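As structure tokens, one chain now follows by itself in the form predicted on its own.
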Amino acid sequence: MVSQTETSRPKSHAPGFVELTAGIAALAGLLFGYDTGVISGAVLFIKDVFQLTPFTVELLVSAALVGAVIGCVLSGKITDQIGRKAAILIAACIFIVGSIVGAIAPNIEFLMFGRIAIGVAIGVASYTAPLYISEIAPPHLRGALVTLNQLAITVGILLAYVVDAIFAPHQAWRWMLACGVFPAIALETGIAFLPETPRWLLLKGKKDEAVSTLQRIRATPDVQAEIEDIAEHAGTGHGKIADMFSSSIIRVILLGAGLAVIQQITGINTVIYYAPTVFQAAGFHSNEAAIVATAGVGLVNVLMTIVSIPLVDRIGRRPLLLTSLGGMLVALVCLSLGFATGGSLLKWIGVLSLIVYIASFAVGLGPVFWLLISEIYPLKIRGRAASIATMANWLSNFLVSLTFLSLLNALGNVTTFLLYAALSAAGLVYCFSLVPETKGIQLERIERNLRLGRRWRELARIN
């Protein structure tokens, strides 16, 4: 049965304003995707220019991941103290600097420094943007609007592949890296004109500003009930480090960290970073052909993320998550069988398997992880807790990316992708057993259930 809080609150919002706000914030996701994906094509030329060994290639690809971990570690407390908007502004500045440094790098050391700087920005932006959107969106639109950030990530990845394909015939890897400056400037400009979230304003005791902002977002002066509900959980300021280790909160931090690890150990970023390498192994021998095939995978990623936007608030987070992991499991098994069989069909088995794999990821595990970590944490420590989950995500990403080529060399294609299939199966069991359904539930309701000590699967109970 739906609680009085959820039923009595109108589902109103300012027509266009909330969507525009979410769209501008989601430019952080586009930068996340672009700067993650662009290295997959650029590295094919960088390794020849600087004469890199396979291990040095892994280090270069993973440099941004190291930066992302650093960004998460440094920014969690800051995000709670200075605000979600300010954190995104800082990330945009770092994106600009990192893109320029990478583009003009005279040697591999300078290039790695630029990629680490980009990684710091990605680490901050990857959770602050969905957090910002989640705290502004009305409950009935929260899933779709936060998923806009994931759509922007996939658009950024596709854009990176397209840019790589355009500059590949000229081996112009510097221009591939430099193009990240333009969306970074757009984010810096756009976010400067957006309001801070009402929840953070209340957390800092700025009630009048919070009321004004919420009235603008909801397109109604009648926001007192929502303000009181948020204020009850905001208290008198952001939480302390000790709060993170209370029995109720540590449980939900572990839940988010577990989802973070699952998103990465299933192998998604081996496809994002090394798709051209995989396609070359499957029979697309030239750099240009492999990059174009990879762009096709990027397009599927975008289209299936678009499919997920209405579904995440219609059929819910859990069904998408479970369907996603099941599809990824099947695709990885088929890819392994394709490599085991070999022959002329391998090229097309590889393409179809990767298409099914990326489509499955894009419709569920991709957007739902970022959505859930913007929903399940208490307001006082939401920035810090989300940064911990994001750090777990990037650490797992780093380990998977750093070991992928080594695994291929040591175990071969068949066993490597079967390993990722087994990890997908483990993730399916984890999500089925523990992940709650948060569709349409007010953030404060989830926090109330957490305080009551309810199990992970029951965090979104409304009675």
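Just so it is clear, the structure is predicted and the values come from calculations on it, not from any experiment. The first residue of the shown sequence is 1; numbering continues from there.
The same protein also exists as the form predicted together with a small molecule; that form is not shown, yet it is the one meant from here on.
A.B. asks: Counting non-hydrogen atoms within 4.5 angstroms of the small molecule in the predicted bound form, say which of Leu145, Leu335, Ile136, Ile153 makes the cut.
C.D. replies: The residue in contact is Ile153.
A.B. asks: Only one of Gln264, Thr197, Ser353, Ser308 has a non-hydrogen atom within 4.5 angstroms of the small molecule in the predicted bound form; which is it?
C.D. replies: None of the other options qualify; the answer is Gln264.
A.B. asks: Tell me the stretch among 114 to 122, 70 to 78, 246 to 254, 358 to 366 that has any heavy atom within 4.5 angstroms of the small molecule in the predicted bound form.
C.D. replies: Within 4.5 Å of the partner lies stretch 358 to 366.
A.B. asks: Identify whether the small molecule in the predicted bound form is within 4.5 Å of every residue in the set Asn301, Trp370 and Asn397, based on non-hydrogen atoms.
C.D. replies: Yes.
A.B. asks: Does Asn393 make contact with the small molecule in the predicted bound form, using a 4.5 Å heavy atom cut-off?
C.D. replies: Output for Asn393 is yes: heavy atoms within 4.5 Å of the small molecule.
A.B. asks: Using 4.5 Å between non-hydrogen atoms, is Ile157 touching the small molecule in the predicted bound form?
C.D. replies: The answer is yes: Ile157 has a heavy atom within 4.5 Å of the small molecule.
A.B. asks: Is Asn269 close to the small molecule in the predicted bound form, meaning a heavy atom pair under 4.5 Å apart or at it?
C.D. replies: Output for Asn269 is yes: heavy atoms within 4.5 Å of the small molecule.
A.B. asks: Within a 4.5 Å heavy atom cut-off, is Tyr34 in contact with the small molecule in the predicted bound form?
C.D. replies: Heavy-atom contact with the small molecule at 4.5 Å: absent for Tyr34.
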